[in-house]
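Just one chain is shown here, as structure tokens, and it is the form predicted alone.
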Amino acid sequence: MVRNALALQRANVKDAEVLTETCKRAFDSDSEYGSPGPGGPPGYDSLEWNMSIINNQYLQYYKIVSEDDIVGGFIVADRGPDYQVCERIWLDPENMRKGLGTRVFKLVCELYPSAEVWVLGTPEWNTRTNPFYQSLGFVQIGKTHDYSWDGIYYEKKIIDGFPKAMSKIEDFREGQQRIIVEGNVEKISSTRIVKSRKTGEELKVANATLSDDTGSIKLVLWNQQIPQVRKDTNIRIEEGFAKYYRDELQLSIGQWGLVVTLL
């Protein structure tokens, strides 16, 4: 039965068990829509993970409530001023294909009226989520490669023009955090092995040159970031940071950063 009342409410730890259960059922059901088998993104079936995200000060975790029942969840992140990320959305399978997802996104947009850009990623194999996001006006801008599968990266611009959350290379400054920038990878060095000063473990590192219409900067890549970047490609970096090293301003990608290979 399709229920009429639908609401988005901030989740609390008392909701974590139900949210975990609905999340697990939702993502496991992707096996019917292209997934090689049951499974989902990190923490999707973990009560502890969901509790930690509910308490995370940098994320907004909402429960989707139909009548008095929790039927799904929506996790939002801010990448910068009015640059919103749909980190995760799900509905319990019995509530899918009833138009609830579209209604949920409408409610989310009402909660963030100043948003200039919405972005999200989803597996390229998913024959359910890709058409859904496209129906909402999301447009593919690139691909991600940070999982065992390639992801489709979508963007929905609410405004025309250059979003204020994004930066140009010439405007980078020492200590700048949460950088979002697009550029062309002009060259990339061979990978070398270094030892961590903190732990002594061996790390892989490579340097690339990233350029836009205002300048260029050295992009430092570590470990799993290295194979995500290729010469002569256009990329977007999200959650980057700039700092001087040996009198040279460099760009690095934060722990929660993302590399998008643009179309």
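One rule holds for the numbers: they count along the sequence shown, beginning at 1. Owing to the predicted nature of the structure, the values given are computational and were not obtained by experimental measurement.
Heads up, the form predicted together with a small molecule isn't pictured, but that's what we're talking about next.
Colleague: Okay, which stretch from 97 to 105, 145 to 153, 173 to 181, 111 to 119 lines the small molecule in the model of the complex, with non-hydrogen atoms inside 4.5 Å?
Modeller: It is 97 to 105 that comes within 4.5 Å of the partner.
Colleague: What is the one choice in K187, R128, K164, K157 with a heavy atom within 4.5 Å of the small molecule in the model of the complex?
Modeller: Residue within 4.5 Å of the partner: R128.
Colleague: Mark F132 yes when one of its heavy atoms lies within 4.5 Å of a heavy atom of the small molecule in the model of the complex, and no otherwise.
Modeller: F132: contacts the small molecule in the model of the complex.
Colleague: Would F27 sit within 4.5 Å of the small molecule in the model of the complex, counting heavy atoms only?
Modeller: Answer yes; at least one heavy atom of F27 falls within 4.5 Å of the small molecule in the model of the complex.
Colleague: Can you tell me whether W49 touches the small molecule? I mean in the model of the complex, with a 4.5 angstroms heavy atom cut-off.
Modeller: Because no heavy atom of W49 falls inside 4.5 Å of the small molecule in the model of the complex, the answer is no.
Colleague: Is Y33 part of the interface with the small molecule in the model of the complex - any heavy atom within 4.5 Å?
Modeller: Looking in the model of the complex, residue contacts with the small molecule include Y33, since a heavy atom lies within 4.5 Å.
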